[in-house]
Structure formats: C-alpha cells, structure tokens
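Listed next as structure tokens is one chain, alone, in the form predicted alone.
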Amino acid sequence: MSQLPLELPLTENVLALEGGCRERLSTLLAWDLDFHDRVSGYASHNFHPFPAKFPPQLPRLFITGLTQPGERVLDPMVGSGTTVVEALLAGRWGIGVDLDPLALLLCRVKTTPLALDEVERTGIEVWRRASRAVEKGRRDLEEELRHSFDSRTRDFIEYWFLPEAQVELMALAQEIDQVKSPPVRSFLWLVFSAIVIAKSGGVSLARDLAHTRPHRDLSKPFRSPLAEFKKRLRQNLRGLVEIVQKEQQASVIGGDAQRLPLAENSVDLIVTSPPYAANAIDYMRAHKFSLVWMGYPISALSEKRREYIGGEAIAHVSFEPMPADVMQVVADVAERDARKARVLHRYYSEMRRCLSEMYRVLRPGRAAIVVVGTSSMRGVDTRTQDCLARIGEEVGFEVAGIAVRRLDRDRRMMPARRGRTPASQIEQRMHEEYVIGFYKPEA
C-alpha cells in the first residue's frame, strides 16, 4: 500500500496562513507551483495514464489552504480525478463531474475504498480463467469476436489490434464482465484499460496512444494482454489505498460542466483544468481503444465526443456574447482563418457557460482555481488565461491573480512529435500553463 508523502513543508505552511479566503488565495498564487521535485505517484494517482493531468500537490495546496475538513471540493471537468482524490485524502468531500466514460470510471475507482485481499483474489482468478479460455476455448473466443461488435467497431478493432491480442483481450473482457462486485469489476476494467492505453506502448498496434496522438505501427512487437494484465494488476494493487470512511466522501457524477447537476451555493472550493481549444488534446481519440472492449460502439463514442468542450464542430453550436477584448482575439484569428475563429468563439462560449455554473454552485466568499494551457491558432496567441479571466469577471468573479506554472513535459504527458519532423505548434506552446484564482465576493 502506498503512503501519502508528507515531505513538503506544505501542510504546516498552509495551516499557518492568515486572513480571509481572498487574502489566502492571493498568497497561495504567489508560491512556487511547478512541483517538479515532488513525488506524484502515491495513493491511486498512478492507476491509469491520462494526458495533461496536473500534479496532485497543486490541488492539495489549495484544498488545504482554502477549506476545512468536511467541506466540499468540486472539479467540474474531473478528468483523471486528481482533485477528488486529494480532497478525499485531506478529509474533504470530493465531487467530480465529467462526460467522458473513461474519466468517470477512473475517478470512481480511484476514490472507492476496496478490500485489498478481495481485489487481488478476484483479479488473479480472472487472469487464470482468461488464460484457460485462450488455451482451451480459442474457437469460441474467435466466434465471440465476430459477433460481439457492429461492423464499424469491428473494423476499428481489426485495424488496431493483432489477432492474438484480440483473442486474449476478449477472454479478459468476458471474465471481468462476470465479476459480481461492481466496485471490484470497475477496478479490473481500469487495469484492463491501462494495458491498452499505456505510456510504454500498450497491447495495440498504436504508438503515442497515451498522448492521444495514435499512429499505427505494424513493426511494434507483440505484447501479450494476459501477461500485461497480470503485471498491471500487481502494480495497481500496490497503489490501492484502503480508505476508512464513516460515510461516503466522494461523489463522481456523469454530467456536463455547462449544466452542473448541483445546487446553488453548495460547494466550498473548485479546482479544475479545462480542455484546450480545438481538440488540441483529443481524449476520446485514445479512450475509445479500451472503451470498445467495455461495450461502447465506435459510433456512440463519436457522438459523445461532439459534446466535449473545445471541439472543432461549429454546426448547431450556441455562441455566447463575449467581452470586447475577447472578441478582439477572435477577430485576430478570423483575419487568418474564419473557421478557426468560430472554433475559438465556440470554446470561449462553452467556457463562459462553465464559469457561470461554477459561480452559481460556489458559496459566496469562496474560491475557484482554473488551470489553463496556452494556445495558438494560425499563429495568433489566443491569450486563454486573460480571456477566461475577463469572462470570469463578467459572470461575477473577482480575479485574485494569475500565476504561471512551468511544465515538466516528461511528467505532464503532453503530445510530442515523432521522428525528425519539426516541432508541432501544439508542442511548441505546451511549456507553461496558467493558474487563475477566481474569488466569489460575499453577497
């Protein structure tokens, strides 16, 4: 079992902060927020790769500095669940909201207390039964592969997975699906997903999948899903934290950050990291590689992707009025590419609705932390941090400050170029991000 590293003088320093929420927020924004030398792989944080997740020390700093035990901490775009895990570890009630099926699975597993012995016993039994099925029932598995997926999903699987990998993955999927305990079954599905979407390459023919930039490589060596599952199971078991709870302290909800299913003035702190504009990091492009094995058709996942914030589709989109300086940035992009400007306007419209919802559910006198990446469209700096700060002010927030955080790209899992091609636009700009401190004034 992993232990929470307390090497930071962080907790003591935070507890010593004085003043009201706004003063403490301004002080925290002035701290070193890079955290490059900190251990981040404790507790359940390393259960599954996830692109562009911030270090756990970042939400922990604001959670311990701006809330008390028992208070509610929200991440309305929960992603990998880092904020909710840290809220849970700090004795707060963590609330996560997301549209992405894999993000919801990941966050739920990472915040669910499990009996280590039961999970280990069940996981090993799943592996054994799947291994036996591959050895003695291969024809049945091949027949199941032919009839379990619609034609489009089947084509996707055929393109990205070798026949042997398909057989072993089907055997594992069938056995996991038979596990009776829903929390244990979810844990094992996450282990399964982590062998497909893996930093080191995974069991598909895709490379750069964990960075959401998959490309097919027929020379990629075969990795046995059965062997990788057993290895990953043991790795995740080592990171499993058994959280002793008197009552439930985490809620993970399927929903849209633009229409939060939460009551007005119901949360005490928000810490979140919205997506980039124009699908710069395309989560579904990677997530579908494991979700298809869990019963999600490719067509359904494509429809779900259209709902995500930061998409490139502009048909049937509701555009919001923007402050003049934000519209000037949109106009600057429009001079070079009218369609890209519409995509950017869509992003800021979606983020306006998100910020409005965040303002609605946050208690007066409390803070919202929004971590955003830099962006460029057709060579124009979109000034994401300034535009979101301005939009936030228009919906009612005060801006306590905007801090710059330098990224450790090796740990932040940003998309990277392949081979000797010139550095892409996205790679060039993903070297820093901004931490916006919003404050909701007292009524």
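Each residue number is its position in the shown sequence, starting from 1. Here the structure is a predicted model, which means the values were calculated and not measured.
Keep in mind that the form predicted together with a small molecule is not shown, yet the notes after this line are about it.
**Q** To test your reading of this chain, name the stretch in 33-41, 391-399, 376-384, 52-60 whose heavy atoms come within 4.5 Å of the small molecule in the predicted complex.
**A** Of the options given, it is 52-60.
**Q** Just to confirm, with a 4.5 Å cut-off on non-hydrogen atoms, which of I157, A133, A300, M77 contacts the small molecule in the predicted complex?
**A** If I apply the 4.5 Å criterion carefully, the residue I get is M77.
**Q** Which one of W93, Y308, Y359, F149 is close to the small molecule in the predicted complex, taking close to mean a heavy atom within 4.5 Å?
**A** Partner contact (heavy atom, 4.5 Å) among the options: Y308.
**Q** Each of A257, P274 and Y283 within 4.5 Å of the small molecule in the predicted complex, by any heavy atom, yes or no?
**A** All of them do, each having a heavy atom within 4.5 Å of the partner.
**Q** Quick one: is T82 in contact with the small molecule in the predicted complex, heavy atoms, 4.5 Å cut-off?
**A** The answer is yes: T82 has a heavy atom within 4.5 Å of the small molecule.
**Q** When the contact criterion is heavy atoms within 4.5 Å, does V179 count as touching the small molecule in the predicted complex?
**A** Output for V179 is no: heavy atoms all beyond 4.5 Å of the small molecule.
**Q** A341 near the small molecule in the predicted complex, any heavy atom under 4.5 Å?
**A** A341 lies outside the contact set for the small molecule.
**Q** Even though the small molecule is not shown here, does V370 get within 4.5 Å of it in the predicted complex, heavy atoms only?
**A** The answer is no: V370 has no heavy atom within 4.5 Å of the small molecule.
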